[in-house]
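The chain below stands alone and is given as structure tokens, in the form predicted on its own.
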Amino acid sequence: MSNIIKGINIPLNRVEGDLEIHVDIADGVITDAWSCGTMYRGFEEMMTGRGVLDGLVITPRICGICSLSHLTAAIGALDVLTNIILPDNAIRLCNLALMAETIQSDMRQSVLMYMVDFANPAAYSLHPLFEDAFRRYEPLKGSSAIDTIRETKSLVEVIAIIGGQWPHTSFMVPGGVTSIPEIHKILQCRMIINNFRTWYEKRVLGCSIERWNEVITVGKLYEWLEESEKHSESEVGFFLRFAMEAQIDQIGRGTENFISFGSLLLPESTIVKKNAGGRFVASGFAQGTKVELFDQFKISEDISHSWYHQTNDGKALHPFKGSTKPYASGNSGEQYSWAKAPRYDGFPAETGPLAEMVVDESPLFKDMINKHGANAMIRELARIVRPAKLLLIMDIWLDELMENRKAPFYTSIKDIADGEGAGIIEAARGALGHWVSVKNGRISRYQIITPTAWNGSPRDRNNIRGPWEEALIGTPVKNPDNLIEAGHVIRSFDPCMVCSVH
């Protein structure tokens, strides 16, 4: 006779906001899952009727972790309406700040929110690497935890130098940025980034970024891991060894649809190579590892299972046509989340560092997925090593900024015309979009789709699960009172629930 447990509630912490996961378990395996965003915040309704520039102040307050990402998307939407060509130096400064925010988020999530579970004695006291894991990741005491807090705290000083403060800087405006740092401040940014890179290479990778970039297949990854003690004892090496022993590489497959909006506009004069979509971070949609061109008009939001007034006969709508009218009766049946369900061409899609790697056709991550499928270990590995890609480009744009410091950083904008504009970028957690409609000089519609809305979406009208709901299916559970395996799967997506229920 099967052992069936229905409706277990998993209140997950370390996810930035309020998240409940409800699961059914049969014979020690998760058979169904529902992701519930439990809080309504109302930012989209808050924007309606306001002045065009108000979004630059209000929408970054959606999140204290990725506030700069929201500002970048909000500015991008207005730049479309003005049809402005941004000065190269403005692009470089915005990119440098955004990359600093992304890197610090990646490292803090990996060490402070994900690998801290490796130090959980209730789950892993018998793991052969537990004592080392506890020494590294014990909350607020572990050596890796302390180092990560210190080093990332230094890195966000780059944003403060460029933008005046972090979080909630306001240095970006339609047409560019408000100022350019003095030469000694740019040199200070270089020193901070160089120091961070030294730490990242020594502690996180255990090798130079150039050596890591030679790891292009699963076979070469194993060779790298066994090549030296520096590799195996690095954060990446230890993560891989612990995760494989704990079989984290065998859970969390998900939909295997991936989406990236693309990010980091390229200055007209730069040696950095353009990727798909004309940006440094490529845009695209992939099923498995087969990538197709991105078309933002294939995006829609389904609210059939969300606590909102059901409009348009329940059909999913593009954000330029969507609305956010809260409605929760308490007994509404199918509705179970304040998050909506974004879809691309009708498909749910995972977003984040792994999606970026797939869309960018990273040979290592394509090989890993083709051989083993997506899983929680691969998803988290993509986050830990993404800074290796960004740090090299930060050096280049700092050099170009120094060489062209006297060039313009702002183009004057007299007014912002009525119309529709979309600001779409890659935030630390993935695809972020702000869609703005302006009429008679006022915001008539404002819709936002965040990375966690993609990953943590509820079911759609075809009853198809969202990405991490699907990723939970088939997850083995050793102890129903300590569902750490489910936590590994969900946290591999790096949830930010305050963003999803904006």
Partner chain sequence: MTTVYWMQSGGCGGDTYSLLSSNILDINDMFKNLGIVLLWHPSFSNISPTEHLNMIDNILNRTLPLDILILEGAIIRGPAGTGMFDTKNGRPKKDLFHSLAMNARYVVAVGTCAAFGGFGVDHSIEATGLQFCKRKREGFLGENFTSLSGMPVINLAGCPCHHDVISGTLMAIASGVNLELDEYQRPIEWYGTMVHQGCTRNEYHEYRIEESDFGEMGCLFFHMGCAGPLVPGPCNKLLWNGQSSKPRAGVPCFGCTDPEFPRATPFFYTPNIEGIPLQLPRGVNRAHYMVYKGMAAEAAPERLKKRTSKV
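On a predicted model such as this, the values are computed, not experimentally measured, just so you know. Positions refer to the first chain, counted from 1.
Another form, the form predicted together with its partner chain, is not on view; read the next lines as being about it.
Residues with any non-hydrogen atom within 4.5 angstroms of its partner chain in the predicted complex fall in just one of 353-361, 394-402, 371-379, 117-125: 117-125. In the predicted complex, none of the heavy atoms of residue 423 sits within 4.5 Å of a heavy atom of its partner chain. Remark: residue 54 counts among the residues lining its partner chain in the predicted complex, judged by a heavy atom distance of 4.5 Å or less. Although the partner is absent here, residue 443 lies well away from its partner chain in the predicted complex, with no heavy atom inside 4.5 Å. The closest heavy atom approach of residue 167 to its partner chain in the predicted complex falls within 4.5 Å. Taking a 4.5 Å heavy atom cutoff to its partner chain in the predicted complex, the contact residue among 309, 273, 153, 290 is 153. Among 317, 146, 84, 407, the residue placing a heavy atom within 4.5 Å of its partner chain in the predicted complex is 146. Residues of 59-87 lying near its partner chain in the predicted complex, listed in sequence order, are 61, 62, 63, 64, 65, the criterion being any heavy atom within 4.5 Å.
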